[in-house]
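One chain follows as structure tokens, the form predicted alone.
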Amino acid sequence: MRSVFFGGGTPSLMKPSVVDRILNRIQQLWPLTNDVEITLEANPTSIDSAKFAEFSSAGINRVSIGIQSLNDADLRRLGRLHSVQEAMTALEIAQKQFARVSFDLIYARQDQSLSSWETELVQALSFAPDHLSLYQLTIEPDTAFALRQAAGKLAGLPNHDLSADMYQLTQYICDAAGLPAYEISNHAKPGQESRHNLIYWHYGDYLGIGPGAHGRVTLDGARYATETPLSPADWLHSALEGSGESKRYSLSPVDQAGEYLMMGLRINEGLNIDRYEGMAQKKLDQLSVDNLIKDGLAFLSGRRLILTKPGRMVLNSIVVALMPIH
């Protein structure tokens, strides 16, 4: 096993002794690589020096902090309970305790200008992070933000052109700072890429354990999707009674090809065409590929299809165009 990731909710609220017990049990079940990455997601309000020292002793060697904004008013708009000062204090504590620290920011927020995002990103880079996750605010269906937008309470969101300018500016600034994008929304110094997230994007196997967790596992040559109950109480009851899973279902070859397509095009090394075609049991649509290349949205490197910077900006449309049909 190459990676263990404590994420979702606020795992930094756990006692370090619980993390220690979990990691000891994992080691009993699966061999860990010598350079295993063990990440803890942390909320700025749940961090203190003594607790982080205990997490480190338990085996945590990488921390990801949910900062999200360096603007107090926007933090409130995003529903966050911490302040910018609390976030900066948490980051300072984490960087003193751990060799690998990441944090995330959200841009394309309400009433955010291109210049204000530039100022905020430059400020973030001044803390010398080795990894940054920089997400463009998107409104997903059936979320609290979608309900607020429907009620007219999300005024001031940037239009498409401004959002695109923010994305391009993000790439330029991070490239210049030595944190190039290795995935659409993730930037890192060379060698500091999140190994855990790369498992997703390379469409590898991972176990989802805990409330609301999803997994992808290969058993006896078949690939399965797994889900667990969202409610902590329901999950605990299920785990005590059996596996803790609420669903496990096999993925058809076309489903696997579609998932791999969505993941593989996000990363710098692109989509392995031979692997994709082996899953889909059909050829990648050559006409669509030719059109992407002609339009400057993608290129071929051997048997890999790789998106250009303009192509990354329209990833969703490209995925739709290439998606295998049942």
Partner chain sequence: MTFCCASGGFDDAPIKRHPSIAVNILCDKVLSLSHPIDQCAKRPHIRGMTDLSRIRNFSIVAHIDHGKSTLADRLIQSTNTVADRDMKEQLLDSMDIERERGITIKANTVRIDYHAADGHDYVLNLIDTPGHVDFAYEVSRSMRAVEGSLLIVDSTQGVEAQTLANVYQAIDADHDIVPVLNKIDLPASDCVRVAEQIEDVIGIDASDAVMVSAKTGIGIDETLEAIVTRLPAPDGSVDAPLKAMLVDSWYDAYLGVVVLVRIMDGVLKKGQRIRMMATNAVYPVDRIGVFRPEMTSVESLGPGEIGFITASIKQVRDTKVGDTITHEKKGAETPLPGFQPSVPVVFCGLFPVDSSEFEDLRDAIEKLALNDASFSYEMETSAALGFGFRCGFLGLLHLEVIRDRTEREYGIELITTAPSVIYHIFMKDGEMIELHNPADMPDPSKIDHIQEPRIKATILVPDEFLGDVLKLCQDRRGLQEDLTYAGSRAMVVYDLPLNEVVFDFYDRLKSVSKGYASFDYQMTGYREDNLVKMSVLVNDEPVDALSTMVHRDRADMRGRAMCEKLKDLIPRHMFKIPIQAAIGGKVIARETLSALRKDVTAKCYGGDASRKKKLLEKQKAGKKKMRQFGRVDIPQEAFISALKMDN
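Small disclaimer: the values here were computed from a predicted structure and weren't measured. Numbering follows the first chain given and starts at 1.
Beyond the structure shown, there is the form predicted in complex with the partner chain, which is absent from this document and is the topic of what follows.
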Interface membership of residue 51, the partner chain in the predicted bound form, 4.5 Å heavy atom rule: no
Residue 121, heavy atom within 4.5 angstroms of the partner chain in the predicted bound form: no
In the predicted bound form, residue 163 touching the partner chain (heavy atom, 4.5 Å): yes
The partner chain contact at residue 275 in the predicted bound form, heavy atom, 4.5 Å: no
Three-residue site 109, 114 and 170 fully in contact with the partner chain in the predicted bound form at 4.5 Å by heavy atom: no
70, 26, 38, 263 - the one with a heavy atom within 4.5 Å of the partner chain in the predicted bound form: 263
Stretch in contact in the predicted bound form with the partner chain, which is absent here, among 133-141, 234-242, 93-101, 70-78 (heavy atoms within 4.5 Å): 133-141
Residues in 264-300 close to the partner chain in the predicted bound form, defined by a heavy atom within 4.5 Å, in order: 266, 291, 292, 294, 295, 297
